[in-house]
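Presented as structure tokens, the chain that follows is alone, the form predicted on its own.
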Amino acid sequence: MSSQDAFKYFMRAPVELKTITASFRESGRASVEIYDFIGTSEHYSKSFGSQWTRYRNVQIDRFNGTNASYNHLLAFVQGNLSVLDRTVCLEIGSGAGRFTDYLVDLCKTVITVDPSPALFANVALGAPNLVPCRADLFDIPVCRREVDVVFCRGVIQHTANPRRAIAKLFDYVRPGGVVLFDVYPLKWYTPFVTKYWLRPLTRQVDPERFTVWAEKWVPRLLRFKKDFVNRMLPASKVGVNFSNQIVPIADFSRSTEFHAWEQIVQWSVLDTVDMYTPRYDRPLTFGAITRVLQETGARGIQANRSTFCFKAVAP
């Protein structure tokens, strides 16, 4: 997309216009312009940039041979992909492009936003209908009248103020447009989850150093968990939860999506890094999220108590 076409989506000029070379689905290398509205390299999302750049292709379905990301996408839109059909979609928190890779096929135009360096590793860069920009969730200078759908997955709880972040999503979509988002659930047992006790220590560690540690120890801990811990506990939901607290790492060994040990390890390492390195991890209760939506005047609220995925129409 040319600069002239892309600029219509923004209310102000970027701090910097960066040009990189990318190849979209083997279509040949091309110059891609990235609109940087932050400028400085310092941002609290830095840890995400590290992990997604290092594990760029792990969660991309066309690279890993699974439908794992597609199934997540389907659950996220409450089973109705038509909500994205031929729309102008603002994707907030794209990372390495796990969902961007699908959105560029489903939507007319995708404005993909990420504040971290992961944006430069997005696998969809170079798609003719993609407008990549680096911006903070609380300051995306998008022309809301141009946006039909806001798509924000895996981001809200990693901001300094999740309630304000939810409300802010509605500032970026036209009246009557659709907002899709999810939040980590805050349940009665959440304060007792081991990762929340360990995170004050682990988030002080440089993400690169923590990733190296995870690459070394997560495979060993997965084996230990499988061969010893899991055998001592029942295979019920309670048993699985206890096992996850005793050995507090991400564990994809029970997933039916993966059969190769290497994939199980990669996803487990990636999610373990995601568990322990972010600056913020602030889940919300279902009731708190619903109240924020009501306060914004959102209509047609649809929610899934199992996945904590929400869909609402902007007032």
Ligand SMILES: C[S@@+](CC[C@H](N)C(=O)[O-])C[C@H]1O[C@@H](n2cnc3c(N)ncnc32)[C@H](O)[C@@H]1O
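Sequential numbering from 1, following the sequence displayed. This structure is a prediction, so every number in the text was calculated from the model and none was measured.
This next part talks about the form predicted together with this ligand, which is not shown.
- At the 4.5 Å threshold, heavy atoms of His43 reach this ligand in the predicted complex.
- Contact check for Gly95: a non-hydrogen atom falls within 4.5 Å of this ligand in the predicted complex.
- Although the partner is absent here, Ser116 is a contact residue: one of its heavy atoms lies within 4.5 angstroms of this ligand in the predicted complex.
- The shortest heavy atom separation between Gln59 and this ligand in the predicted complex is within 4.5 Å.
- With the partner omitted here, the stretch from 107-115, 170-178, 233-241, 205-213 that lies within 4.5 Å of this ligand by heavy atoms in the predicted complex is 107-115.
- The single contact residue among Pro141, Gly154, Pro219, Pro185, judged by any heavy atom lying within 4.5 Å of this ligand in the predicted complex, is Gly154.
- Of the residues Asp36, Glu257, Glu33, Asp274, just one reaches this ligand in the predicted complex with a heavy atom at 4.5 Å or closer; this is Asp274.
- Across the proposed site, Phe99, Leu137 and His158 without exception bring a heavy atom within 4.5 Å of this ligand in the predicted complex.
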